[in-house]
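Shown next as structure tokens: one chain only, the form predicted alone.
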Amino acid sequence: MDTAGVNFKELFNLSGRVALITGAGAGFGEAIALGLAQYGCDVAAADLNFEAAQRTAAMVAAQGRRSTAIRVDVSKPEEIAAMADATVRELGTIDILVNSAGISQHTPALEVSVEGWDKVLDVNLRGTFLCCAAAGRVMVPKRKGVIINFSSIAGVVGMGRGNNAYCASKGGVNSLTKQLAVEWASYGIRVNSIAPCQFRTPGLLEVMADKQFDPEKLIQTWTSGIPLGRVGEPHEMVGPALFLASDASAMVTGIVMPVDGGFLAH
């Protein structure tokens, strides 16, 4: 192929595509929804907080893109199925799925309840799988699609501070991502995941507000492990997500991409 004839700017063009984004009401999901919309993507903004999903959908619409807001609890299979159906009904299809919905956990292993453990796994791992399956049922027949899962550095290394269920869930997301990438490659579906370090999302701010932690010490602990010396900002996730969602990454599948300021480099 003669690369001289390639319009490389078009590699990032998402015009005519539809993205379903969970956790779209805030943090990574909101930033990615707005970022993909700027590159031409229509967006179904799904979130447990319906008002937040509506706010994101309105911001997408303000950019001239089609949008719809959906309330979903990703721990409930019937709500995931309804979310996928609503996306197809309102926007026509699902070309891109971004699984950014998730919950954190900070209970020591000897204190975590079975119910607490199950809740984290139900949202972070089972919910991710069920969302992938729901989108896959739309993508497989047309033999094309992109799925971006959200893992974490906690899916690669131990984090301490009572993250046992969270680490297990994100490690499972990494394995699931690789398995689905292999299983669905013949259908033209690419499946990748992103592994962030600490970012200034609502979840991080919630942890900092927890009275069992000293916010200043938490920031010091986090940044001491990040070579770039700071936590991330939600908008800094848009570039990696855009790359994985677009044709710029057409030969990329089955990876766990660290977006971690160098945390996993040492």
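If you're wondering where the values come from, they're calculated on a predicted model, not measured in any experiment. One rule holds for the numbers: they count along the sequence shown, beginning at 1.
Form predicted together with a small molecule: not shown, discussed below.
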*State yes only if every one of S75, V123 and F199 has a non-hydrogen atom within 4.5 Å of the small molecule in the model of the complex; otherwise state no.*
yes
*Are any of the heavy atoms in L48 no more than 4.5 Å from a heavy atom of the small molecule in the model of the complex?*
yes
*According to a 4.5 angstroms non-hydrogen atom cut-off, is S100 in contact with the small molecule in the model of the complex?*
yes
*Consider S193 of the chain shown here, and say whether it contacts the small molecule in the model of the complex, taking contact as heavy atoms within 4.5 Å.*
no
*Would A26 show up as a contact with the small molecule in the model of the complex if we use heavy atoms at 4.5 Å?*
yes
_The chain here is shown without the small molecule. Which stretch in 180-188, 110-118, 166-174, 135-143 comes within 4.5 angstroms of it in the model of the complex, by heavy atom distance?_
166-174
